[in-house]
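Given next are two forms of a protein chain, the same chain in both, each as structure tokens and marked structure 1 or structure 2.
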Structure 1
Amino acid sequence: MYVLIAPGLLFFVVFRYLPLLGNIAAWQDYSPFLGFRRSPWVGWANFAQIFSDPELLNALRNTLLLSGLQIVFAFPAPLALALLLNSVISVRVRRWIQTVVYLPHFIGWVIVVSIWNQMLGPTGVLNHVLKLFGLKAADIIGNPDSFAVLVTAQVIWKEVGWGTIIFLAAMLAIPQELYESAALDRAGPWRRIWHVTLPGIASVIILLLILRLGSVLSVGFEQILLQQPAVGADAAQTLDTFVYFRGINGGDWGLATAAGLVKGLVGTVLVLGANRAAKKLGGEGVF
């Protein structure tokens, strides 16, 4: 049995736990040529710099903005779609729609971004149609002001269908008798959603929200990395892209590691905190 576990265990030790040690670079002026042993120690200087580096503060602001938009719009979107799908009577129509809306989840970000450029870019379909109606062309892809909206819309487009799976399954688990008795009590369709469906899936919603909170400081790394050149770093630098560009491209290893470490810690604390809060409020929590 231990032979069976060994390859997996080795993986976790080398690629998940060994890197944790690498975080000591956060307290060093790390240089790949000197390695951990000979790189000079700088104490908390990297952490102090985090809170004074304007580029990093900008990245933090962008991250929180994008994350906030996603929690407010992209998180409830699958719930709304699931409620809608759940109200479709015909099983066949429902299945067919599900097949379609699941699809984008399996497409990588490179492809998604390429496709969106074809639709909304300067020579894309949207501008072509606008021109047909005699309207002004809109540069959506390259506009820093609308970048946050664009990114949120892409996330919804890609993941809304996939997100419905869990909600739909949770809705299926609600006993039909509850709806029936609610209907006998003269509760209309909206009231049944409010008093039966939503309470029935509340624990799932809370669970997903807790997990989502853990990644408040990491938003769509690949997605944003791919689109940053089009709008510039002012609008599209996030903590993750900052760590990548400053650390691996810019050679500022210590600072980038410190920023990544703080990001990870904050995420963990948020998950644990939200979990505790959910339990206090009488819910189940994740752990």
Structure 2
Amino acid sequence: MYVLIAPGLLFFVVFRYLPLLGNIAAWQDYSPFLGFRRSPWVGWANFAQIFSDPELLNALRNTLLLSGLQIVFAFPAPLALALLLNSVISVRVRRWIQTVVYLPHFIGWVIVVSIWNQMLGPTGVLNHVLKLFGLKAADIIGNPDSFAVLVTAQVIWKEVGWGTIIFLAAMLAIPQELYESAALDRAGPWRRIWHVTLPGIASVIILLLILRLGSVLSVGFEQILLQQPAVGADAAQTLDTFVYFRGINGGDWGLATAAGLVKGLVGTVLVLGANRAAKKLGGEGVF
């Protein structure tokens, strides 16, 4: 049995835990040419710079805005779709809808962004339709003011179908006797959802919400990076892109590592806090 466990354990040690040692660069003016041993130590200077760097503060503000929108709108979207599909009587119709909404999950972000550009870009389908009716063209893709809404809509479109899998699986575990008893008590569809379905999958909702809070400072690196040239850094600079541009392109490895480390610590604190709050409210939590 231990031989079977060894490859998986070795994977986590090599690719998950050993790279954590690289976080030492957060306390150094790190240079790849000098290495960790000869790079000068700067103490907490990189962390102090995080809270005074206007570019990083802008990235933090954008990240929190995008993450907040995704938690408010993108997180409950799969739940709403799962409740809708669960109420569809026809199995054939339900499977057809599931297949259609699952497909975008298997498309990479490069293709997704290209599709949205073809639909909503300056030369996209929307503007062709507007011109046909003599209306003014709209550049939704390149508008910084609508960028946060656009990113959230893309996340919902791509992942809403995939997210319904877990909720639908949880709904299947609810005893049918509860629905039959509710029907005998003349409970309508909405009351059955409120008093039977939602309480039956409450633990799953809390679990997924806790896990989502752990990545509250990660809002999709590739998706943002691909669209940043169209709207500019003021609207599309997030913590992930900041770490990439400042650390990889700019060579400021120490500051970028410190920002990434703070992001991970904030996510850990949020997960622990949400897990504790869930237990205090009577839930099971994650651990």
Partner chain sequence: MATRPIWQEKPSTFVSVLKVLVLAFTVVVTLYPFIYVIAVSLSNPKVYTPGDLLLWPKGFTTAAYQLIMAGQTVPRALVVSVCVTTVGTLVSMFCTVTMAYGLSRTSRVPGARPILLLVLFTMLFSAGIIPSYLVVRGVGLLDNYLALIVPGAISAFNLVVIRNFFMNIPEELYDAARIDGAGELQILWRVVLPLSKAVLAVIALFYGVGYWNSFFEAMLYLNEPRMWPIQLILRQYVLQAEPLGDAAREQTQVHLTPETIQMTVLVLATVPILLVYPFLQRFFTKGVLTGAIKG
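Model, not experiment: these values are computed from the prediction. We call the rigid core the largest set of C-alpha positions that still match within 1.5 Å between the two forms. Counting starts at 1 with the first residue of structure 1 and goes up one by one along its sequence.
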Sort out for me whether 1 or 2 is the form predicted in complex with its partner chain. 1
Core-aligned, does Leu20 move its Cα 2 Å or more between the two structures? no
Rigid core fit between the two structures: Cα deviation of Ala6 in angstrom: 4.5
